[in-house]
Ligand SMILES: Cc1ncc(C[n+]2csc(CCOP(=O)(O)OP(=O)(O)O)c2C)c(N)n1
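To begin, one chain is listed below as structure tokens, in the form predicted on its own.
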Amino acid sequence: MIMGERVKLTRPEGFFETFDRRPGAVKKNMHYCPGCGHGILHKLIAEALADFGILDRTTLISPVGCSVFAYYYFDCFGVQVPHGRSAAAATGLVRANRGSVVIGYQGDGDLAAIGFNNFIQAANRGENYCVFFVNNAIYGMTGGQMAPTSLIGQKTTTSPYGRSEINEGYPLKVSEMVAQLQAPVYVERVSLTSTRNIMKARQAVRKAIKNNIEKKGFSLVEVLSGCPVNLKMNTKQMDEFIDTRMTDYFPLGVYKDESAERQTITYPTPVFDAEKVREALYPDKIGEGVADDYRCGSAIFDRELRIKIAGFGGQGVLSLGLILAAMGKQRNFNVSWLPSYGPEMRGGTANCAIIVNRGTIGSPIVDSNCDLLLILNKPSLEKYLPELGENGVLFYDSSTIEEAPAVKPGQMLFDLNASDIAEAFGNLKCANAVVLGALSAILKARFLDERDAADIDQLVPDALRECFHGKEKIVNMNIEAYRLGQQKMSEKLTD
């Protein structure tokens, strides 16, 4: 400061002194268009961060939109996220570091369109962060298309005749929607059209950040802001548009404020110890395991095995595939498991493809040259039988497929009334375990050498425990059903 000169107003300490991150020669000014409200809102946020002394523990999440380059300006941590995913990133940040202050900064396209579900679910969970939502009723960055908040009758590049409630529906009232939720602590809508309104916006920004600091939950401040370039207005026209047309549909004011009575949220203590995290994420060692150089000796494993399982949703098709994949993995094979099912998980068709190979698996798709088809219903038989390879094996559930299918010379056919056996056993859901038992009996009788045949009865329980870890009752029930299916199939093979 020069002697005799007093600086009354200057850049908030929440900003960098010089915007060195900004490309080009201009390092003192922001990149926003004249009349844009982002610069004003940035200043209010930066001022609050500095005044509260929280710059070193604040993360500002930049969206896809005009403010994507907010990290040019704020002297705090910053994360740039994919379009609409601010709330998802914020959730991870606040849960991993309970002492952090997290700010979501989003425009109407980023928040109210592609990111709305992420946003509203975070609000409904009461995640401890604050969102500053810039509503300028148009897509600013991409050329002036209609936004979720564009007004009825408003002309944009994608609504040249004006937005119609019949064609495009009504503008989303985000603050009103969020205020109806139980979890959010504070919701207010403000604007940036006058000194008086800016001072109210300043108070709202500070309250939202303070709630974040005090761990009181989710806060939203919606900010009505101008976009003169895309709305093709001068400054006076822009302010009049906001103060009349926008505030008529989006009234300013507090929609919810429980800041005074809301208690500090008590979160469980995060676990950072690496060993404890490993124990939580991964199950204990299953069975005895095998050495890294262990190899199954049966000739059937000398090439890639392509397997498809198909049936109705609810028959355990996908689970059976996972068990087979776990068996291969536990014996040092490379495996892939690719599920496919219709829109109805219960009653709709489902199938999965499993590939077992000592070498690299080029693709997880099995749509031809199938070595093993396990079919649990007639529609699946009709659909997938043409995919069976020249020397492939078809096993079908004769409980649901009464007539034996015709196979080509060289192909092998086996069947067992697995669903009937499971129903008599006491649980129809165990039909897939009965099928697994039948398959093991076939493998033992026709395809496995002595060592592999002896190994499979230990391998199956280990695979079941991996797939149903912690559910010992389910594991034991499926082991019993597996043994029953193996017994019934062995008896049939020796008849």
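The numbering used is simple: start at 1 and walk along the sequence shown. Only a predicted model underlies this, so the values are computations on that prediction, with no experimental measurement involved.
Although not depicted, the form predicted in complex with this ligand is the subject of the following passage.
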Exactly one of Gly140, Gly311, Pro184, Gly104 has a non-hydrogen atom within 4.5 Å of this ligand in the model of the complex; which residue is it?
Gly140
If you check Ile442, Cys430, Ala46, Cys66 against this ligand in the model of the complex, which one has a heavy atom within 4.5 Å?
Cys66
Residues in which of 258-266, 298-306, 141-149, 173-181 have heavy atoms within 4.5 Å of this ligand in the model of the complex?
141-149
Answer with yes or no whether Asp397 is in contact with this ligand in the model of the complex, where contact means some heavy atom within 4.5 Å.
no
Indicate whether Asp110 is a 4.5 Å heavy atom neighbour of this ligand in the model of the complex.
yes
Given that the partner is absent here, does Ser86 sit within 4.5 Å of this ligand in the model of the complex, heavy atoms only?
no
Classify Gln315 as contacting or not contacting this ligand in the model of the complex by the rule of any non-hydrogen atom within 4.5 angstroms, answering yes or no.
no
